[in-house]
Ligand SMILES: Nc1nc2c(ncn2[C@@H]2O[C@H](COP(=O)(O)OP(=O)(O)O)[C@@H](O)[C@H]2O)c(=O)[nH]1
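This document starts with one chain, in the form predicted on its own, laid out as structure tokens.
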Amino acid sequence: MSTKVPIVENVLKLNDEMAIQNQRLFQQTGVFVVDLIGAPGAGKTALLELTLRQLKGVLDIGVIVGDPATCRDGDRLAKHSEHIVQVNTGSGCHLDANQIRHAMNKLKLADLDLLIIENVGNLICPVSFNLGQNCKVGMFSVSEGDDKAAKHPNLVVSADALILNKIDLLPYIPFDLECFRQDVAHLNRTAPLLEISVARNQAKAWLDWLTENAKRPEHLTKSN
């Protein structure tokens, strides 16, 4: 039983070493990278469809899509961009830095301003694995219940921004919005909480945050 901890530590160490290599390559090519983490059904893929539509001509965006099986999410996004790579993890509950390394080799990073990694639908496992990203974004939805931020504190604490989707359902679903906001603020006072409705095309807070960060000066100059 005592061997389990060293094994886990070794796995994370190897992942972190690869993540550092990924980060260097992202910096060299000047692409801004977001790791998007949320539960199944939170609306991650729908949000990315909206993002690709709304920011077309504003940012050149690529997406790496993580999913245990099928290419359905990748196929959906491919209708809006040619810079899409699908990664099937099989029984794996998260993406790791090595998978990202292989996936990004299929993209022309130098042509991109922004790369979004849609992680596997899971609020726990993906949080521990650094992929080399600039920002980690946690996504919740009203339909999941107002206790999810408190029940998944590691995601909230580690996030650079948090999304609450499906706010159009607030009149119809028991959801204490103020309680959710307080839980988030208690765990992370610096990450903005972006309240949106993808179904109603109301995602300005997310689009503005994304554009502002992707266009920060340190990400504008691509290295030769």
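When you see a residue number, it is the position in the sequence shown, counting from 1. Remember, it's a predicted structure, so these values are computed and weren't measured experimentally.
Although not depicted, the form predicted in complex with the named molecule is the subject of the following passage.
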_Contact with the named molecule in the predicted bound form for D73, defined as at least one heavy atom pair within 4.5 Å: yes or no?_
yes
*Should Q182 be counted as a contact of the named molecule in the predicted bound form, where contact means heavy atoms within 4.5 Å?*
no
*Could you confirm whether G41 comes within 4.5 Å of the named molecule in the predicted bound form, counting heavy atoms only?*
yes
*Closest heavy atom of V58 to the named molecule in the predicted bound form, within 4.5 Å or not?*
no
_Within 4.5 Å, heavy atoms only, one stretch in 130 to 138, 149 to 157, 73 to 81, 103 to 111 touches the named molecule in the predicted bound form. Which?_
73 to 81
_E118, L169 and A199 - do all three of these have some heavy atom no more than 4.5 Å from the named molecule in the predicted bound form?_
yes
